[in-house]
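The form predicted alone is given below as one chain in structure tokens.
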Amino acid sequence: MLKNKLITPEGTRDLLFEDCMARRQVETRIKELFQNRGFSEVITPGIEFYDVFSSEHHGIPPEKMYKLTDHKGRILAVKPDLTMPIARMAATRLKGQTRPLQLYYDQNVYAVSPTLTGRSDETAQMGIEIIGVGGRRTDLEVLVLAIEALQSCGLTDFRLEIGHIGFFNTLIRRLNLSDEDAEEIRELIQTKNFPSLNDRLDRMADRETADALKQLPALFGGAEVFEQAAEILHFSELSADIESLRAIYEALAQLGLGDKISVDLGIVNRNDYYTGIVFRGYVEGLGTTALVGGRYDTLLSDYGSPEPAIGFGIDVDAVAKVLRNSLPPLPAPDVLVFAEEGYEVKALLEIRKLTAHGFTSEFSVFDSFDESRRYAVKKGIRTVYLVNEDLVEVRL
């Protein structure tokens, strides 16, 4: 027997009954919300040309992608990101559509995760993109929708952390670092590895900027963060970002969502296409982010159609994992219908009647009534119909 015949690839898993039910409930609730808010669904191919994800400024590292080739030898990628294909679509097939485009998706993404991290390489993701309009109003709409999406799934114990990638990007530019050095510092900030971060930044010639960058991960909390940021990030080019984020925070608080949000200026997501506000959603009891999003005003330039955009994606399976704990066990069918030889059609017609009246019913594939009865007992089915010249109802 081939050694890998009975297992799934690393980073993937089978979903069984309750897992599937939880996922479908999450998808149904979020989809209803998106549609009620005026968003239209789009579906992009599961495989795309590698070029879609490999731009010089916003590309995904090749080691993160599952790659293959087509019959002409061209390199393809199994979709590692959903925003980039939608950006491609917006710049081509939707180029003449009225702006803003309000799109939503419900698809899987595939990205290679480091071993032993426990992260899945296959993720079911739902999300929205608003393309063609910038500004605070759009940012506010997307953040509110992100909170409402989590609430629509019955989640109450969650928090949305908001930040702005402009703080990190501006400070990095002031230090004139190479891409490799900038990525090293980004990783240290994201993991809040303060000792290594301090050691790395203490060697910088621009002490003022390095000290500000060093304190970025500690700027976390509520409204008080903005006063702290104004003192620490006192560079003139950052004042507009601070005030913009403050206005968003205050608007969310006025909407009664203050208990669901916090400020984290240390959000420095790996996705290179973010340009403005960034945010992440965390759910109590879940060891990973449930939601990630932000503004990406330069990404569509890679596809020949420069225009502002913002969106977010929800890890459906992560949310479903939390929801699954509150779901009741899968119910057994109301009725098992067994047909004696020659009465199969009559039994199937009876199942149609039961279904029309709102009952769940299962057609017995066993050859005898005794086998059908034993099966019903094991499955917890309380009623069996015996179909012949008559119809006999047997209660178990």
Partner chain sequence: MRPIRIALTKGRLENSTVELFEKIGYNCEQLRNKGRKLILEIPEVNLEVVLAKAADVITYVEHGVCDMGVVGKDTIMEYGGSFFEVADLGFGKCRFALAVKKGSDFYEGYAVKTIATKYPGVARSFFADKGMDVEIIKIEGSVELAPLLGLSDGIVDIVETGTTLRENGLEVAEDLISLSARLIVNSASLKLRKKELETIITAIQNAVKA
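Numbering follows the first chain given and starts at 1. For clarity, a rigid core is taken as the largest C-alpha set superposing within 1.5 Å between two forms. Note that this is a predicted model, so its numbers are computed, not measured.
Below, we turn to the form predicted in complex with the partner chain, even though it does not appear here.
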Heavy atom within 4.5 Å of the partner chain in the predicted complex: which of 169, 193, 97, 113 fits that? Just give me the one.
193
Which residue among 136, 159, 174, 324 has a heavy atom within 4.5 angstroms of the partner chain in the predicted complex?
159
Would you classify residue 119 as touching the partner chain in the predicted complex, given a 4.5 Å non-hydrogen atom cut-off?
yes
4.5 Å heavy atom contact, residue 287 and the partner chain in the predicted complex:
yes
Residue-level question: is residue 282 within 4.5 Å of the partner chain in the predicted complex, judged on heavy atoms?
yes
4.5 angstroms heavy atom contact with the partner chain in the predicted complex for residue 220
yes
Could you tell me which stretch in 242-250, 123-131, 193-201, 309-317 has residues with non-hydrogen atoms within 4.5 Å of the partner chain in the predicted complex?
193-201
Taking the rigid core as the reference frame, tell me whether residue 88 has a CA displacement of 2 angstroms or more between the shown form and the other one.
no
Answer yes if the Cα of residue 184 shifts by 2 angstroms or more between the shown form and the other one on a rigid-core superposition, and no otherwise.
yes
If you line up the core, does residue 214 shift 2 angstroms or more at its C-alpha between the shown form and the other one?
yes
